[in-house]
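The form predicted on its own is given below as one chain in structure tokens.
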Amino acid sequence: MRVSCLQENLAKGLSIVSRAVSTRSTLPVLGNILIEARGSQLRLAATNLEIGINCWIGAKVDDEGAITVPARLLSDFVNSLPPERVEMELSTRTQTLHLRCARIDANLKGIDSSDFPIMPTISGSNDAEDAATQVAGTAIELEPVGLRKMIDQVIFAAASDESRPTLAGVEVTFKDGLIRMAATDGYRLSVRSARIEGATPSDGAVIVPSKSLGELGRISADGDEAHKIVALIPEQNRNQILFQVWGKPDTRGGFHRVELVSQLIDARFPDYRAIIPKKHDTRTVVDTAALLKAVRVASLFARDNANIVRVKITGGNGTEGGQVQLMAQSAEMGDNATEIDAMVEGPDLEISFNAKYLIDVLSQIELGQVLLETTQANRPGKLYPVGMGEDEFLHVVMPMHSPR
């Protein structure tokens, strides 16, 4: 193998695939990054057997070939190079990769590429791709900006505890021309829906690890906004999902294409619809930014008290509007109270929530006003942006009980 590419492109590609490198595997090759020169592109790949990332960058290929080299050493070395052309040459006999950039030389000992796991790619995405790795299935095209918003508005509600793998995933449902994402950790629920244009798979649902969707969101932020993201569930191996992101036309400091392969969670997702309140007694409309700021202030005092923030909702009096008062206290640090004007319909109510949960959801609401529907102090509250409706974005948060 003899190939050369720009240092900026190589560094960017390595930063993308490095997030899939295994750090605790007993297989040494999973701690390496695959470098494969084929056609006019250089493919970088890494996997931990749960998630895999392929990244193609532009390159001048004199001789095709492949090798795997230690991920951390390669990334640190390339990031330390000047922004010039990097030349790489493989010694097949010793499995050593020689790199040269400007006046800097290095030799990296590698592992034969045949030991690296086979990673599927989307069929027809690249004529130079190995046909043995290509898979076919029903492809769904998604708008990059809209998909990122969907991901951001649901993954924070997924469980971070790996002992509950089902709740650490996001249920992705395709039905009636809609894609719906739902995540819950047992204390809160976030549901986001959007319409799909073009072909869709038959009605069904898959559970995608939230970490995989988070990686997709990060990768797509550097992609071409004018080029749709492709999601594909293979026809044969239906325990995986593939996502394809195209790079920007100007590939300097970027990539041509990235494909993310994720294992699906084989389980039954909880019936979250059962916990969504069907009615409300009190309906409160409040400024999103003002409420978020008030919760952040209250959280400073709530940290030593199980993160509890009390929300006191008071209805209007005559021609005067209602208000929301947020209160938090710490036995050792002090207390805080902030009042916000609001439009309130229904009886007064005082209810307690986890401050972090409120901050998480309010940070993802871009519209100016948010609606909070409540019934009783011991029943969950329902939030959604004014102007979207709960059929597009809905968040349910369980109340907290103050320690006696």
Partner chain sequence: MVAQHSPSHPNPNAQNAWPVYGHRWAVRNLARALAAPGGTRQAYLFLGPRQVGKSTLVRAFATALFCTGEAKPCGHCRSCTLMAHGSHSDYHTVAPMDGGDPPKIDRITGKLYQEQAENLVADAWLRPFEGAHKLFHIQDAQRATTDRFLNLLLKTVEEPPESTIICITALDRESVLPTIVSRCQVFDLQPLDHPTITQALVEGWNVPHEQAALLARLSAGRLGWAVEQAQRPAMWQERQTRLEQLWALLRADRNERLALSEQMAGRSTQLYAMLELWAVWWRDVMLVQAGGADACCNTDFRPELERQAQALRPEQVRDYIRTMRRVEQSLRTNVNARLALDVMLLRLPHLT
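Because the structure is predicted, anything quoted here is derived from the model rather than measured. Numbering follows the first chain given and starts at 1.
Beyond the structure shown, there is the form predicted in complex with its partner chain, which is absent from this document and is the topic of what follows.
(message) Which residue, 288, 75, 307, 240, is the contact with its partner chain in the predicted bound form, using a 4.5 Å heavy atom cutoff?
(response) None of the others qualify; the residue that does is 240.
(request) Consider the chain as shown here, without its partner, and state which of 292, 90, 108, 265 has a heavy atom within 4.5 Å of its partner chain in the predicted bound form. (result) Of the listed residues, the single hit is 265.
(request) Heavy atoms, 4.5 Å, its partner chain in the predicted bound form: which of 113-121, 96-104, 217-225, 82-90 makes the cut? Say which one. (result) Looking at the partner contacts, the answer comes out as 113-121.
(message) Under a 4.5 Å heavy atom criterion, is residue 209 part of the interface with its partner chain in the predicted bound form?
(response) Residue 209: contacts its partner chain in the predicted bound form.
(message) So in the predicted bound form, is its partner chain close enough to residue 50 to count as touching (4.5 Å, heavy atoms)?
(response) Flag for residue 50 set to yes.
(request) Give a yes/no on whether residue 271 approaches its partner chain to within 4.5 Å in the predicted bound form, heavy atoms considered. (result) Result no; residue 271 lies far from its partner chain in the predicted bound form.
(message) Within 4.5 Å, heavy atoms only: does residue 378 come near its partner chain in the predicted bound form?
(response) Result no; residue 378 lies far from its partner chain in the predicted bound form.
(request) State yes only if every one of 64, 66 and 253 has a non-hydrogen atom within 4.5 Å of its partner chain in the predicted bound form; otherwise state no. (result) No, the whole trio is out of contact, none within 4.5 Å by any heavy atom.
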